[in-house]
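For reference, the chain that follows is the form predicted on its own, supplied as structure tokens.
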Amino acid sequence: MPSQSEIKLFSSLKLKKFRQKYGLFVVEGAKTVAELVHSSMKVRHILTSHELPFDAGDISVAHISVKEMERLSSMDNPPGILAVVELPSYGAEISENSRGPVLALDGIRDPGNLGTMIRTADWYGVRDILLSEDCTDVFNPKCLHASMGSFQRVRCHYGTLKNLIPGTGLPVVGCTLHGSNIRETNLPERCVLLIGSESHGISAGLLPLLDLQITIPRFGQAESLNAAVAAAIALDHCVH
């Protein structure tokens, strides 16, 4: 049974500053926690308010009250199972054996959007995402929930994109409003695919890095396309 001080610490992990301070984050839901048990991530504790529906192996499991679970949960209807996990550290190097594109995200602030992008990247076999320092936190509870467990399989690297992108040695393709029609452009499967925010697009300082600009043609009157949707469409054209 965790102490009240531990409960307080785990509850504080809803905020980025405490996730960074303690090097921990919280994941909720039986399916995702069960996947974590067999992943490369280090699970410190599993907390549950009911019977655990899977074998946790040698990981510490503690039963807590429903009231304590509600205090720890970020959800309106807590699933009753959560894990306290160590924050991974991937450095700046991308996966050596990756065959698909590397996704680069500039100024993505919405955690739901970012989580959806991570899930989509996982679907298309992307193993690395480069994120500008002003992107939202991957380990925000809303982002984790939207990723549907894909955060375990996609390595997210934060840093200055001006440094991270050239370090890959790959051609850089950027989604802009004035690029070549994506439907008529043959995109390299092994490249950096750069997506900017819906409101500002790709930062002006990153445009000189682009080897190719592409655009998704508009047929209606919408002012902009959701960044996660744009990333999905572009990835689909990259992966052959």
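None of the values given here were measured: they were computed from a predicted structure. So that there is no doubt, residue numbering starts at 1 and follows the sequence shown.
Just so it is clear, the following notes concern the form predicted together with another copy of the chain, a form of the same protein that is not shown.
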Does the trio 32, 87 and 91 actually contact another copy of the chain in the predicted bound form, every residue with a heavy atom within 4.5 Å?
no
Please identify, from 78 to 86, 101 to 109, 128 to 136, 147 to 155, the stretch that has a heavy atom within 4.5 Å of another copy of the chain in the predicted bound form.
147 to 155
Among 168, 140, 73, 120, which has any heavy atom within 4.5 Å of another copy of the chain in the predicted bound form?
120
Even though another copy of the chain is not shown here, does residue 68 get within 4.5 Å of it in the predicted bound form, heavy atoms only?
no
Another copy of the chain contact in the predicted bound form: residue 198, any heavy atom under 4.5 Å
yes
Give a yes/no on whether residue 224 approaches another copy of the chain to within 4.5 Å in the predicted bound form, heavy atoms considered.
yes
Heavy atoms within 4.5 Å of another copy of the chain in the predicted bound form: does residue 236 have any?
yes
Taking another copy of the chain in the predicted bound form, which residues along 204 to 231 bring a heavy atom to within 4.5 Å of it?
216, 217, 218, 219, 220, 221, 222, 223, 224, 225, 226, 228, 229
